[in-house]
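Okay, so we've got the same protein chain twice, two forms, each given alone as structure tokens, structure 1 and structure 2.
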Structure 1
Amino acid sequence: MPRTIDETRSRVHTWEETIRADSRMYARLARHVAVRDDVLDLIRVVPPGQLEMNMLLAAVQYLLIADPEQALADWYPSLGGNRQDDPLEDAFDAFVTDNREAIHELITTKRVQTNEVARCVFLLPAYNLVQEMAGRPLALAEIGTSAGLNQNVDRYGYTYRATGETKSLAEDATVQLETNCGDEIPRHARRVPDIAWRTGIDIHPIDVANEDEARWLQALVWPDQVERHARLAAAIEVARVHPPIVKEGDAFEAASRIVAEAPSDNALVIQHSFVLNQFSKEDRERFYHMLDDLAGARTIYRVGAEWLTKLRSTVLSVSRHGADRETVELGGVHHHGAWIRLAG
């Protein structure tokens, strides 16, 4: 059952309060949508589990990317626009009215699903730690890989900044990622790990070789986050040259296959970032125990970056699974890699 217009209005208000500090432009559009019953009526059909404003704004940006000559694009920094003056709301209304059918189709068939390449700044030190522990190059399997862009972690460039020191890696790479490390650059952030084999699974795989899917991924990045747009576009280009493996599957059913497939002379790393926070606590435990059991045949390392409680930032951890499972918390990290605070 679609929500009522008033229920939808209340959800739009809540969304506006949550994102106000992050995007002036989207907050402004949300306040506007909240007083437009025709737009609320359009978006109240967004399926359960998806947020109406995220879907509406992604649908609008998706259509604008395809047709950047539209007047509304002048307000979108992601499309080179730099207008901030009043008629934004008028241009938005005109665009939504003209594209009502296309927006309806998008918001009822697509989903909000991101892939944040900047997370590689904290995955890299975790992989280096595993490589040091195992003494071998890695076989990397990403659970919840989305479009698989983070499987190309060793093909990106990095700048780690700390008080009084900067360390750059692969300065000529087309994707450059940067982070602030606080007082010290972690010991494991000083080299690019050796990845000999890689794979990924997702319950909703995204194929960036498909123009439509790549455009939807871009459309989900907020227009005023110009750097994220550029980073994603560059990572999609890398993925077109080095296509990640993105198989359809569920974490639970895929794990044993991954363990069987990964070359035995590499250290198997199962990685998940912002995936297990979508599981119940019981399912997370079930997943860890399943890896303990599977580790009978070979050592399984697990790198996790998850935001599991509201009280702490994202925690980066490395586990060695088995009957004597060991987990090391490396430290806290910003969800988009803006900063990392790792021990050592």
Structure 2
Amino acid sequence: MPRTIDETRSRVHTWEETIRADSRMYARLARHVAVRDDVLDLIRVVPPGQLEMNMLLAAVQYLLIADPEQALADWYPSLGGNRQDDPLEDAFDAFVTDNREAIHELITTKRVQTNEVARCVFLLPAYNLVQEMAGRPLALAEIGTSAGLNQNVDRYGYTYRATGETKSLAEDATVQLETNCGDEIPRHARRVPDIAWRTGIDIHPIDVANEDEARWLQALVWPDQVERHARLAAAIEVARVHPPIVKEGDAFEAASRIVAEAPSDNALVIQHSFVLNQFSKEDRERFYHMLDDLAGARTIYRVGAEWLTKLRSTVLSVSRHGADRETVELGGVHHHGAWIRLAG
């Protein structure tokens, strides 16, 4: 049953508080939407598990990318716009009114499947830790892979910055990622991991070779974060040269298939970021126990980066699944990779 307008308004306020430090433009639009009952009525039908403002704003940008001559595009840096003045809200209202039917179709049929490649800055040290623990190259399987862009983690370049030190990897790569490490660069952020096999699973796979699907992926990136747009465009080009493997399925259905297909002479890593937060607590525990059972004589490593607390803090962890499951929290990370604070 759709949420009420007041329930949706409360969720919009919470969303605005969460993202205001990352996007002034989207925080501004969220505050505006919260007082517009007509727009709240439109977005209250967003399916469970999806965030109303993410869906609305992605739908708007998706339509603008297809028709950048619309007046609202003048406020979108992602489309070359540079206006920041007061008529933004009026232009937004006019666009939503004119495109209400198309927006309704998008927000009820698509999903938030952001594929933020900058998250590779914290996945890389986690993978290196697993490789050190296992003593073998990795077989990488990503749950909730979206378009699979993070499967190309070993084909990107990295710059890790700490107080008084900078470490760069693969400086000739076309995709360059950078993060702030605080006082010290983690020991496991000093090399590119060896990945011998890779695959990805998603309930609704995105194929970046399809222009329409690539446009939706671009629409999910906030318009005032032009560096993220440039990164995504570059990562899509890498993916068209090195196509990720993206298979349709859910985590429970796919896990046994992954274990059966992954080469036995590689260390199997099942990775997920901002996926298990969409599971119930009971389903998360069921997933963990299933991996324990599937491991058998073979250890399954799990790398996770999730928002699983009310504090909205992203924790990076590495788990070893088997008869004696063990989980190590490596530290906190920014959800888009802007900074990492990892031990060791």
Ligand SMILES: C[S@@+](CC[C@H](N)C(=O)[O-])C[C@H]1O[C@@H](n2cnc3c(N)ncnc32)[C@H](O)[C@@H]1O
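Just so we're on the same page, residue numbers count up from 1 along structure 1's sequence. The term rigid core refers to the most C-alpha atoms you can superpose between the two forms while keeping them within 1.5 Å. Being a predicted model, the structure only gives us computed values, none of them experimental.
Comparing the two isolated chains, structure 1 is the one taken from the form predicted together with the named molecule; structure 2 is not. With a cut-off of 2 Å and the rigid core superposed, residue 85 has a Cα displacement that reaches or exceeds the cut-off between structures 1 and 2. In the core-superposed comparison between structures 1 and 2, the C-alpha atom of residue 22 has shifted by at least 2 angstroms. The chain behaves as two rigid units between structures 1 and 2, and the smaller unit swings by 16° against the larger after C-alpha superposition. On core superposition, residue 53 has its C-alpha offset by 4.7 angstrom between structures 1 and 2. On a core-based overlay, residue 112 has a Cα shift of 2.7 Å between structures 1 and 2.
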